[in-house]
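We begin with a single chain expressed as structure tokens, specifically the form predicted alone.
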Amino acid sequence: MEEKRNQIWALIITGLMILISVVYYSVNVFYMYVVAYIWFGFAYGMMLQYGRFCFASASRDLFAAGVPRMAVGVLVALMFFSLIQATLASTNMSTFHPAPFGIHTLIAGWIFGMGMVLAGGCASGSLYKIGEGNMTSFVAAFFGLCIGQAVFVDVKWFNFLIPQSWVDSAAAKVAGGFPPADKMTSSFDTYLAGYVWDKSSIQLSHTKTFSEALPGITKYFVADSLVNSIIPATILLVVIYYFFMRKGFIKKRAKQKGGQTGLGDHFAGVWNMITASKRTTIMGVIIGIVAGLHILVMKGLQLKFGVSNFGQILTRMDKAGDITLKAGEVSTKGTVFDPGYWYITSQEGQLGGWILEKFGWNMRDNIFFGVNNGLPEPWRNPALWMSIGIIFGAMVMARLSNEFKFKMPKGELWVWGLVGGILMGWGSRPSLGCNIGAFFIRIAGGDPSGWLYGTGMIAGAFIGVKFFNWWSERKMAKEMEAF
């Protein structure tokens, strides 16, 4: 009976998504742009839920239990996706853009890593777990990724951390005419204009070393995929095997062979580790394929409509009288947040900003919303629809596999969800991305700053796991004492 009910719910949810898509298309063909984001989000949600794909779980399982299954799945997805990214870049069909390189990425990853462990899910993991009925993840996503981010980019609470050199650099830019003076109202604005904008971006295929040595399309596969993604990920797989799997596997192998083991047995051990969980590994490969297809489709739509950003489509529709844009929906640059690929956090921050504006907080007087991303109505926000699609896609898969269960947080889970979500939201802003946008996408695209973020994220996750171990032991000791 329960299985039948879940199947009905899965059909209802899928039907609702189809209905929403049909309505959008019937209103204006330009909304196909939004529909594409909806269904790629839906696909991500189904894959994430089926493969239990979560960067927080990868760190927690590895450091707390010595189980590398999820970490291996992430690395496999990363390597496979890098090949697809290189293929797209070589055909000029990529929407990827590297990020400013600097120590800020490492620090932001460290903050985010602690937050995702406390919250029990990374940015993408929290969304798919909401689809499973996990309300701790909802607390983390809503109060952290939505409200926490929006507050972070529009307050002056962090001025005491800002060096005078940043203030001077930002002031010089304002004096030069950009950014507008009325958009320089927060600590984050000074950080962006006075520090981040002064940092250069790196994509290995575009560096002098590789672009001169490898003319043509080869540089994308060698520099971006092989050097920046496949080789480092392979090294990490070997390291994980050495510290977490080698001892047990070689002991078992020696018993089977009745003698000495050699290098070939270690290769077999790494392969055994990769294939130990076919479900996660296969999902890693499929996620890489879908993420690449997402880029291809968005680039195709941009070429079809003659735009490079959905904000241009909204402006065109407004001028044609098809819609009426409110002031600030599109940024001063004529854009909205439209990454063109899989991305989490910025769109949640936009939702938080939209909600806070309903309570009278002006959220458009800063760089994040006012200059870079705009603050469109939620129904005109393509990236936000991608996040909604992730939730509903995960919900469908959870229903079909009878894994949906509505779970309200109890006790300290309220605190962990809230604190962890806020740390994730705050950690995603200085790096301009999260575990997907600042780590997964960047590394696969040839941007070495992704490894900086990943290093910080792993360090933060390690601290988070150690904290949880300490907390659990302390709590257990108190309970035993009371008993």
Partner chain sequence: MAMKFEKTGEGTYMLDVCGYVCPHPQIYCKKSLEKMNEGDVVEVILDNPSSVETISQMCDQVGHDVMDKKTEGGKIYMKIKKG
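Quick caveat: nothing in here was measured; it's all calculated off a predicted structure. Rigid core (definition): largest C-alpha set, two forms, superposition within 1.5 Å. Numbering follows the first chain given and starts at 1.
Missing here is the form predicted together with the partner chain; even so, the following discussion is about that form.
Colleague: To verify the annotation, which of these, M32, A64, A43, V419, has a non-hydrogen atom within 4.5 Å of the partner chain in the predicted complex?
Modeller: Result of the distance check: A64.
Colleague: Just to be sure I understand the contacts: of K199, H206, K333, R279, which is the one whose heavy atoms reach within 4.5 angstroms of the partner chain in the predicted complex?
Modeller: Exactly one residue meets the criterion: R279.
Colleague: Is W9 close enough to touch the partner chain in the predicted complex, meaning at least one heavy atom pair within 4.5 Å?
Modeller: No, no contact at 4.5 Å.
Colleague: Do W354 and the partner chain share at least one heavy atom pair within 4.5 Å in the predicted complex?
Modeller: No - in the predicted complex, heavy atoms of W354 and the partner chain never come within 4.5 Å of each other.
Colleague: Would M476 count as a contact of the partner chain in the predicted complex, using a 4.5 angstroms cut-off between non-hydrogen atoms?
Modeller: M476: contacts the partner chain in the predicted complex.
Colleague: Please run the contact check for P448 against the partner chain in the predicted complex: heavy atoms, 4.5 angstroms, yes or no?
Modeller: Residue-level check for P448: no, no contact with the partner chain.
Colleague: At 4.5 Å between heavy atoms, only one of the stretches 141-149, 210-218, 387-395, 117-125 reaches the partner chain in the predicted complex; which one is it?
Modeller: Correct option: 117-125.
Colleague: Is the partner chain close enough to H97, A175 and Y191 in the predicted complex that each of the three has a heavy atom within 4.5 Å of it?
Modeller: Not one of the three qualifies.
Colleague: Could you list the residues in 67-95 that come within 4.5 Å of the partner chain in the predicted complex, counting only heavy atoms and keeping sequence order?
Modeller: In sequence order, V67, P68, R69 come within 4.5 Å of the partner.
Colleague: Note yes or no: does the Cα of K475 move by 2 Å or more between the shown form and the other one after the core is superposed?
Modeller: K475: C-alpha displaced by 2 Å or more between the shown form and the other one.
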